[in-house]
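Only one chain comes next, encoded as structure tokens, the form predicted on its own.
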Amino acid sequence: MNKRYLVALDQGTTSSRAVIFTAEGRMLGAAAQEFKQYYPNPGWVEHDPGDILATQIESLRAVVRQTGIDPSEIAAIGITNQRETTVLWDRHTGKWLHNAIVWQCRRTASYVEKLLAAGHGETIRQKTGLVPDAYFSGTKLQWLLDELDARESARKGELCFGTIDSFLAWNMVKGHPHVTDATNAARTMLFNIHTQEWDDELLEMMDIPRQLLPEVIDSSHVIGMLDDDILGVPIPVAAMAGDQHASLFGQACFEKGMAKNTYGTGCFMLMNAGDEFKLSENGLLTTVAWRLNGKPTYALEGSVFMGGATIQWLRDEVKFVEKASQSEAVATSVHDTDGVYLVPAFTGLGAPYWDMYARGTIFGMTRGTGRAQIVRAGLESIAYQSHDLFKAMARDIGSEPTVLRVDGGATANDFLMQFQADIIDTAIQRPAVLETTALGVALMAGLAVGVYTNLEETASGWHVEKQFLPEMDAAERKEKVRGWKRAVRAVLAWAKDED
């Protein structure tokens, strides 16, 4: 077979990346380009869709140049993306009407409050598996339609709504297909994950015209051919999946009860929940893990909004480290935080708390508190937030997973991984290929074009690089978690703004 390579377009919150894999799952090369973040108001986050498109195309061209492969040897391309980020564009010209509203953006909190006040919260939860929140795409689209007075144009079929996967497919695939996959659709608050269709009642709730919605397809599915002018040859674009779902797939979590945690800008823990829909009783989301051959596999998910972004804050805003990679050395220069807890609720708290108005706070500082203690508390906060998700997930399924598979940039930090194992009292497995998000969608693309014939074949390349076993004394663990929970309670109380 001369089609030896699979490519992932990994469009993230701060950069666009392209990664090339061999059919055996070995990473051959990667290229990335960062793009500008826009913060027009406190709590608001935007991206320029043109920046996203340009950096994604250039990263694809760059990785092909760097590896020296012949583009004609690429079997398929998959697209994985930051999920809830919302774009609205003209169906005829392709021009976007506004900057993309990023998943982190909190501008639609008041829209969510109105939905809840009208008694729609439980209907949304039952149909979508989501807890109503400004995080999801539905109210972001609602805001755009209001702000731009664009509903009439939408009803006439003149506009397209999409998450970033949909936007990239429309711009990079011949024929401008207007599609999204079931994993991304499931993050909009508009998609019924029982019927696997856009839901009329939900659309009416938010006054969103059906005419601007994309067609929902399987995660592993040939969408069309890459435009020739990008790499000079047509290549099947054969998969789409939200980044966290692609990561679950790339971690080979194909059995019910298997779980992974991705440490990126945010932290996202997903557990395979099988083929039966189950609502969480502990503040988690139920979502579509992936859809193959028209059949959805479900997942329980918990989201931490500030994971690696906490390290970025320590680097960019307070200048406590020059590079993110220095955080481990600074944190381990002291033996403990000396009782300091950083709750990085800069954009609210996600699961299992779901407080849109919570804000970042540092507790427990004394006159002796310095840079090292705060950096260490920042790293530990990532593990504490993930601990809360892990325990909620365990309560939902009635037992704790025996292992947690991890991926993402922050997993290179051995201190953080060991502290994570200690604080959840569970083994952590770091795979040989950390690029599991990119790998997952590349494997999905390979599955669609026949590089693999079944899930077992896609899992054959997964291997453990390092395992972290819990070492912390039970009493110490209990005391540390107790302090964290006190800090979170204080943040939640502050957010209520009660006299």
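None of these values were measured; they are calculated from a predicted model. Note that the rigid core is defined as the largest set of C-alphas that superpose within 1.5 Å between two forms. For every residue, the number given is its place in the sequence shown, counted from 1.
There is also a form predicted in complex with a small molecule; it is not shown, and the following applies to it.
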Check your understanding: Heavy atoms within 4.5 Å of the small molecule in the predicted complex: which stretch among 317-325, 130-138, 97-105, 240-248?
Key -> 317-325
Review point. Of Ile77, Ala185, Val87, Ile311, which one comes within 4.5 Å of the small molecule in the predicted complex, counting heavy atoms only?
Key: Ile311
Practice item. Identify which of Tyr263, Phe191, Trp290, Tyr384 has a heavy atom within 4.5 Å of the small molecule in the predicted complex; exactly one of them does. Key: Tyr263
Review point. Even though the small molecule is not shown here, does Leu379 get within 4.5 Å of it in the predicted complex, heavy atoms only?
Key: yes
Check your understanding: Can you check whether Gly409 is within 4.5 Å of the small molecule in the predicted complex, heavy atom basis?
Key -> yes
Review point. Could you tell me if Asn272 has a non-hydrogen atom within 4.5 Å of the small molecule in the predicted complex?
Key: no
Check your understanding: How about Ser280: is it within 4.5 Å of the small molecule in the predicted complex, going by heavy atoms?
Key -> no
Review point. Using the core for the fit, does the CA position of Thr310 change by 2 Å or more between this form and the one not shown?
Key: yes
Review point. After fitting the rigid core, is the C-alpha of Cys105 off by 2 Å or more between this form and the one not shown?
Key: no
Review point. Can a Cα shift of no less than 2 Å be assigned to Tyr263 between this form and the one not shown, given superposition on the rigid core?
Key: yes
